[in-house]
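One chain is shown next in structure tokens, namely the form predicted alone.
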Amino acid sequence: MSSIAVVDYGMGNLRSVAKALEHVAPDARILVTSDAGEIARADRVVFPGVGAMPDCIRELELRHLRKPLIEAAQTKPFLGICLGMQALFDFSEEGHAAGLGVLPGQVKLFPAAAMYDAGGQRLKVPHMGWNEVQQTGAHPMWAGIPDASRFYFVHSYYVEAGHPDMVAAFTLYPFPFTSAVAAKNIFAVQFHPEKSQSAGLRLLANFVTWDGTAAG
């Protein structure tokens, strides 16, 4: 039986993520865990998150999860969700916090001066609700998900990837921001697949069978 570790560091919608994984992978063992050994032994790792970057990094340190999380991100199929995506990068403007440095790039606040739609109406921050995700190319994680499918977002900060070829999708709000990244065995998304109905469940189902390569 394959196992999927959902990393518990005290921040994240863990129950919803675990329930969604159980739905798409009834034969897999889903572990919500803060145990480094279980994370190391798992076949796949999901790193969810809701909240602020400084708190995330502090909790990972307190629970001695930084090293096992980085090792998992380097060695096995790895899915980052929302804050779990942002924390993989070098630095965040949120609290001027250093991230895990697994991926090159930074996390930036939506700039107030730019937050207007085409009609001049002010856009709210956080970016909250459904929005289209524009895929930049083929990837096994997008299998069966039409381009421009809508996913559910809740965030005030966005990733500015260090390498353009890492960007697996973008979303407009009002400018294009990175809503998914792919780098070897890592796939990470700014949106919440566990809250995104059929498209989100399909993405999680793809993760359950993904071998961690771009070719699938």
Partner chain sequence: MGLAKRIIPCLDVTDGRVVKGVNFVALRDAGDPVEIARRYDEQGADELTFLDITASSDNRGLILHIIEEVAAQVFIPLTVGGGVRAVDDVRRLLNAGADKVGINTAAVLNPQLVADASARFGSQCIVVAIDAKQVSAAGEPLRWNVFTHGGRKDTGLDAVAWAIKMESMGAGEILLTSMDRDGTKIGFNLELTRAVADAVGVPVIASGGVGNLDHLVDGVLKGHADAVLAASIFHYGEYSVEQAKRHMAQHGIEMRL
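Positions refer to the first chain, counted from 1. No experiment lies behind these values; they were computed from the predicted model shown.
Absent from the display: the form predicted in complex with its partner chain. The rest refers to it.
The candidate stretches are 165 to 173, 39 to 47, 66 to 74, 178 to 186, and the one lying within 4.5 Å of its partner chain in the model of the complex by heavy atoms is 165 to 173.
Taking the partner from elsewhere, Ala205 is found to have every heavy atom lying beyond 4.5 Å of its partner chain in the model of the complex. Its partner chain in the model of the complex is not approached by His96, whose heavy atoms all lie more than 4.5 angstroms from it. For Asn131, a non-hydrogen atom is located within 4.5 Å of its partner chain in the model of the complex, even though that partner is not displayed. Interface membership of Val154, defined by any non-hydrogen atom within 4.5 Å of its partner chain in the model of the complex, is confirmed. Along 188 to 205, these residues reach a heavy atom to within 4.5 Å of its partner chain in the model of the complex: Glu194, Lys195, Ser196, Gln197, Leu201.
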